[in-house]
Ligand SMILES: Nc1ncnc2c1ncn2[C@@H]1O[C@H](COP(=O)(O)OP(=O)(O)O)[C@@H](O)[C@H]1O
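One chain comes next, on its own, written as structure tokens: the form predicted alone.
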Amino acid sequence: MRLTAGESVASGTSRDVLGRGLRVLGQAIREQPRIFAVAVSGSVLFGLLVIASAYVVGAVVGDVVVPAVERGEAARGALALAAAALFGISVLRVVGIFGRRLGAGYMQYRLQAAYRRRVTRRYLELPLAWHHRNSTGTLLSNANSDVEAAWYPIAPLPFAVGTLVMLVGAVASLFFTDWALALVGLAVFPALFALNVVYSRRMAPRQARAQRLRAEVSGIAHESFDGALVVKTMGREAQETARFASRAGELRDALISVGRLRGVFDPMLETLPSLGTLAVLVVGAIRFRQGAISVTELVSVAFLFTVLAFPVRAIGWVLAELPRSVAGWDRVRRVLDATGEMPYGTTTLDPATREPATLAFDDVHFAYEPAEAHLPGAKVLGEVTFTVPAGKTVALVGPTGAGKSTIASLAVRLVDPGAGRVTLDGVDVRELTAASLAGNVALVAQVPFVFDDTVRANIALDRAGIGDDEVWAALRLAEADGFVAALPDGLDTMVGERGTSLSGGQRQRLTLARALAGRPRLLVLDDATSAVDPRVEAAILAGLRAPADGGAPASILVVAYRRATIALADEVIYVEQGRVVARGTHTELLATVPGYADLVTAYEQAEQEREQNRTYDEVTPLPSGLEIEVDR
């Protein structure tokens, strides 16, 4: 049975959590040594000045205040000197506090920003198969709350290090003052540490569970928002609300459990130094009566224990956050250590060549990775061999689940074959650089994705050499220039998240224009015009085969369902159960392959039924009150 990151933390011993937590902190120090040195220097300065202030206060009481009370008058010079000493120490303490807080905050936020970038970069490097095994909510949590949790102890860490130096100095000064008082200190400080260890042990499983529930709540929320249309049209609002409320309630209870434990231990951590101060006063009074120490020394030690109470808690803060840090770090490392990335090669196709490319599949086999490492993969393709000649259009046709989308993914190298080769102009796509592959090949997927930005930004994507003229040319080729020109702000129109202000067909044409703007030499269309009216689709495909600007047409691999689309192809590849069953022209396959004929006929009948039932009103109301614009 696999353990999640949170469960592995919860199941570890306190020693395990402490050791792993210290390694996480060590990683932070190695990555930001200079900033950490600045923060610790400020903290050490503060700690040493705390000890100094205790002895200055003792000296003021013993050598200035007590004599003044005994004489009935105060020496102004001595008072002025005492005030100056206390003021100077206070100013230096402010400098130490400023350096500690500035350094700690800067270090923490730099680490969080750096690891967010690393996690996001790793997401982009990992293959789609890895993303399919992880929910979007979990990935969002990894990049946000898990990164924050991993570096949360950094804020109090310099303070805690400075406090350790201060404790060593305090114990040394206690021994220098009186051995009996030093023994009191030696009894209090280990008790504080032991209490923090117990606290850490109890807190570890609670923090780990809370961190895991944060990811689950994020996942449910994202799924509900992303599937809002389904939720509303299926009347599942109450059920989805209840599902979210249930998991949110678990998170609430987990956080309350964390807070309850803190509520028990925090007063104990505050009480121990106070008890130490009381013990010092009792023992100190006895030692003063015995003549072993002076009033100055007694006041100094008592004041020292008083001011140590707050800094000592910094150690507790670090120890208390280590379980949460380890849980977050484990979840972040799971992403950074994930394998399966597809390294690019070093070969570059001639960028000056704009002639259509030749795509070839040579005995390609492919199986998706299993969800569990010990399970066999799901074989999708076997012995797939075909060619898309330069400037030609090849249609992929086959029943659902035949492997058509997988072939499209292999063509643009979203995945790599398990065996065989996919070549572009005779070069294995695995040997091409990322820039060369992206500059020569474009994919328009089944589900169009539109960014929450302007039409111009969605098409250009900040690519060099794509100005307004190129954008409009791509829109014309995608039969999208008409509706874009009619938008309120034209190219500057904001399309909303995922293009919510556009119809399905408009989104598809916009994403097609995005692909065409880069003038690819190979265009892969994975059912990319399914939401477009057949007449518009026919115009688009005709334009792709013979561009109006007179340029060379791109080679096209199209996953097709409509008879009109298939008929435009120079060759049809018929696929069943992951294998190429037949190839030829549409007419040839209709006459010689019964399975192909039945499938195309079924597609055509379904399309005719949709056309008969289609209403050409601009807006079709749904029972839920939603409105979907029908694309023409």
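Note that residue numbering begins at 1 and tracks the sequence as displayed. Since the model is a prediction, treat every value here as computed from it, not as a measurement.
The following text describes the form predicted together with the named molecule, which does not appear among the structures shown.
- None of L336, A84, A187, A378 but one reaches within 4.5 angstroms of the named molecule in the predicted bound form through a heavy atom, and that residue is A378.
- Checking T423, N134, S501, S224 against the named molecule in the predicted bound form, a heavy atom within 4.5 Å turns up for just one residue: S501.
- Put simply, P399 is close to the named molecule in the predicted bound form: some heavy atom of it is within 4.5 Å.
- In the predicted bound form, no heavy atom of S257 sits within 4.5 Å of the named molecule.
- Although the partner is absent here, G403 sits close enough that one of its heavy atoms falls within 4.5 Å of the named molecule in the predicted bound form.
- Looking at Y368, you'd find a heavy atom of it within 4.5 angstroms of the named molecule in the predicted bound form.
- Proximity to the named molecule in the predicted bound form, taken as heavy atoms within 4.5 Å, picks out 503-511 from the listed stretches 280-288, 257-265, 107-115, 503-511.
- Applying a 4.5 Å heavy atom cutoff to the named molecule in the predicted bound form picks out Q446 as the lone residue from 440-456.
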